[in-house]
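Structure 1 and structure 2 below are the same protein chain in two forms, each given by itself as structure tokens.
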Structure 1
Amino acid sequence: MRSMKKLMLAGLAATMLSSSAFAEGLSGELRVFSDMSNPAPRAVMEGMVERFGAMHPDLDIELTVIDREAYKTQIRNFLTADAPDVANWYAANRMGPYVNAGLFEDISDLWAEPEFAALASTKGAMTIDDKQWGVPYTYYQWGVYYRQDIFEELGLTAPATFEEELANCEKIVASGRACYTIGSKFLWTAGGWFDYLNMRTNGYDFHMQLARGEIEWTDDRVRETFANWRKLIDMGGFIEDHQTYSWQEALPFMINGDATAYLMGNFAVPHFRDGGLTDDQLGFYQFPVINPDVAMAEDAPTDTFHIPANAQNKEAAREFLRFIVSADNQTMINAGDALGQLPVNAGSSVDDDKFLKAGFSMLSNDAPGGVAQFFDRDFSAEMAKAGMEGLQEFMVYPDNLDDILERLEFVRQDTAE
């Protein structure tokens, strides 16, 4: 009898021990699916898992890295069939289909925690129906990368207004160069141009209303955006035959000096450097003001982590998201030798890199209008596809504008149903 009691006590103690261990450290299995398949991002992802694993030795973390492009279609299958506990995706409208289908976990509770106040800049992009559905880990600025040395040679300075921009471009064209290189074969580069021209002409709010399908494509304000674009096209501002090139194939024009600038995301910088441009030759400026009455807004595509609604270990997943957004981790993963992008956490520090610093200060100080994600992430998938095709056509045949806008309006009405 006595020994029996002892045994029960021992058993009780054991269960209490284990439950207290559970409250302290996480246990079980944490499955992470990631699309960070390029060498540098992959190393970052593996590093994060390693460090998180060291903090929680009882947790068994299983990381699956999937090719970035293949991931875009596979996510549909694994979210429904075999959901991991944490998965990569993108912000804004891009997560809409999964949120609406109930496949992402509502993590508003995490965002209510005080530490998440430091992520305020992207809260809007993570919000659908007043709830938050994921956390950001990195973003990067868009802007105009230009050949400082050629600008100096021609006696030009980086333009602050569209008039200066056009005046600059006239001189550049007269010198036998194109103002901008662009490769629109895969369409999205033209989306960047439209984003900026429309946000500068009509403002962030208008742009977002258009993205949500609340404004007609045939609206006069949209036409005004295209009219501004046309000024650059008609003066020969863009390289010829851009519809045949990918964005990488358009890089040599800038590196060889046949074109003087490139409206691009910061991910192009390593390519410029590999092509032999030094930081003295390569400069960066914010897309110039067109309409002084609208606040400056920027494109800064944000990459994110989410918890699938069908995840098994949501407690560990939430802890992993807290770890990802922490200031120290974001500083580390966005450093120049890692992702080479911008941390979202306001408490993080930016690496000592000319373009990262320029981007960080631009997004924190000079983008009062708001931060957009990008044409193909803000617009619904079908509108984005038809839209970018129309933008590419406009850049080659600007006279087709009426026809293009009517077609886009048809798609808008069709997708609104």
Structure 2
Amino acid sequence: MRSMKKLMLAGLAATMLSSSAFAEGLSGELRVFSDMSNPAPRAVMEGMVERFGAMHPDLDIELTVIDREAYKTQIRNFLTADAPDVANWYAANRMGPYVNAGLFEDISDLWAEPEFAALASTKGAMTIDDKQWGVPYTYYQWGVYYRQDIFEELGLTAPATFEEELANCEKIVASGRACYTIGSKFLWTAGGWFDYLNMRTNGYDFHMQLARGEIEWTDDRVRETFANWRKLIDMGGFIEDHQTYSWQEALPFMINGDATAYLMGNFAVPHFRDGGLTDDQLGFYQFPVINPDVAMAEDAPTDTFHIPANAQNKEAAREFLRFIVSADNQTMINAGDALGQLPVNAGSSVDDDKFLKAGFSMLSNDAPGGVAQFFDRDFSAEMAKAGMEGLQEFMVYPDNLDDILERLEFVRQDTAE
């Protein structure tokens, strides 16, 4: 652990205090706990504390940074016994245990403020029991990264519908390539495929009801999701033996042109570039429409800040959360030389990067159905583990679907008891 007192930055204070968006007269102590322990995120966290401290010179801010893995094991203890005023964590199901235990503060009053309308894309991920329990500060898109040059060679365009996707895939397979690379050795990549196929087949609300254990895995609508998935499997759409590769080990198939696309998070882009692909060769498209009657929803894992229920300075904590989600702050902390990710605030500016700009536009303008957090964040830990094992098995042995769904339904019922 390390603590840091606020730094007085006179010039910055004068600039920031000119804004009427922030309250004046904050005093006392504000204790902030963070798991942003890697060098770049840590610098971002320290910078936010410095800037907020400059705005509120009578407020004594103490930042405690804890190693990320240690933070995961300590959070319940410190929320219970010696709670800070602000703590960072994750959205959706990952915050559920602390909401249900009464350890996070209801901040629906903040979300009712006009400025919070700019965060609408992630409101669902911050909502449990129709109340909001934290604020987002960064996220990143998932989607289909593809070899634009190979598509041009084959006379293909990025598909807007699943029918177009299947037609493209037929031509790609006929050319001797796989449509998709994937490394499912560590299971979670298969979870991404299920997320998109289920949200496109049945919609975000259905997907989240399944994640909460409210829908049976043997439901015909779930089977329809797997039927759509099997169309790609049966035509040879995925690389062979993907269960033996990690997600990084699957990258060369696309870099070398043996596969033409990868359903993946934006964190893969630097690896594509390091492998020699230029931005002229590499493209990005939103996972295509399957059911036109459901609104488009996206996977965009979101990192968050919360006010512990046992916080001592909730007034200052609320003001810090307002600061965190402000457009200017989110522009700064998500810049390429900072987090290198996406601001959640629709009024923020995005780093001048082809794929970050594409992701921000998609999540801000083309995700009306909602933003999911990813399979192993949205589903309970027990269900996520069993679920991802079953999803990988289905990709290798699709004829096992009935057995897989029965096993997953048993886990759902067992965890619901």
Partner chain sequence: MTDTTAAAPHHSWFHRNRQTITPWLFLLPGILFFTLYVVYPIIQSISLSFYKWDGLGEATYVGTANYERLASDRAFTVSLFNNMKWLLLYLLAIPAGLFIALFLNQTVRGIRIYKSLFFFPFVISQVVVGLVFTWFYDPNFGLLNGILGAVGLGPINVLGDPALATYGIIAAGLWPQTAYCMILYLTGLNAVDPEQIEAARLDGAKGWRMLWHIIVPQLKPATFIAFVVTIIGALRSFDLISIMTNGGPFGSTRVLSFYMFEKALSEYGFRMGYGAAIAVVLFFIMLFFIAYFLWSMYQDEKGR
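The term rigid core refers to the most C-alpha atoms you can superpose between the two forms while keeping them within 1.5 Å. Residue indices: 1-based, along structure 1. Nothing here was measured: the structure is a model prediction, and the numbers come from that model.
- Looking at the condition given, the form predicted in complex with its partner chain, one finds it describes the source of structure 1 alone.
- Superposition of the larger rigid part on its C-alpha atoms leaves the smaller part rotated by 18 degrees between structure 1 and structure 2.
- Relative displacement of the S348 Cα between structure 1 and structure 2 on rigid core alignment is 2.3 Å.
- Once the rigid core is matched between structure 1 and structure 2, the CA atom of D58 is found 9.9 Å away.
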